[in-house]
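In structure tokens, the next block holds one chain alone, the form predicted on its own.
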């Protein structure tokens, strides 16, 4: 089994829910592999999005690149539907003036079919997520 970036749309990942969407910066931009594109919130917090893998995966390392995210919670589910989420990680990110925040998380018990990212608070009225990268292994397809 090879390690891949499980969050890339080219690997089958899909953003199935986002609480805000700007036509110039849609949620799909987070997983398109293009460092020039991003998803932006439209103010008010919390904001959230859900990534579906369409298979059972084991995430070993997660990297989130963003701007102005203050507190981020990540929940995971191993269900066939996006239900029964359990809290996995919660982090306060450091404000980085003029450059992307890059938060690396080593996955403990990183088995999931869905990840829900909740931006609880931000350093500004808006926040953006430029990429979500999940290094890991696809274990099995959902039947």
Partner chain sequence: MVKLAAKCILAGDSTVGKTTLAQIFRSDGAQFQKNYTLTTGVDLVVKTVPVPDTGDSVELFIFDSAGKEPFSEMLDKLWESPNVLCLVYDVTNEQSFQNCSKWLEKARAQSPGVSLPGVLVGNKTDLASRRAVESAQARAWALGQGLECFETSVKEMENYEAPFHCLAKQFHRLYREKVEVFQALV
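Note that the structure is a prediction, hence the values are computed from the model and not measured. Positions refer to the first chain, counted from 1.
Below, we turn to the form predicted together with the partner chain, even though it does not appear here.
In the predicted bound form, the partner chain sits within 4.5 Å of a heavy atom of residue 21. Proximity of residue 113 to the partner chain in the predicted bound form: non-hydrogen atoms within 4.5 Å are absent; the residue sits far from the partner. Although the partner is absent here, residue 124 sits close enough that one of its heavy atoms falls within 4.5 Å of the partner chain in the predicted bound form. When the partner chain is considered in the predicted bound form, residue 105 lies well away from it, no heavy atom lying within 4.5 Å. Partner contact region in the predicted bound form: 36 to 44, out of 36 to 44, 55 to 63, 78 to 86, 105 to 113, criterion any non-hydrogen atom within 4.5 Å of the partner chain.
Taking the partner chain as positioned in the predicted bound form, the residues of 85 to 109 that bring a heavy atom within 4.5 Å of it are, in sequence order, 98, 99, 100.
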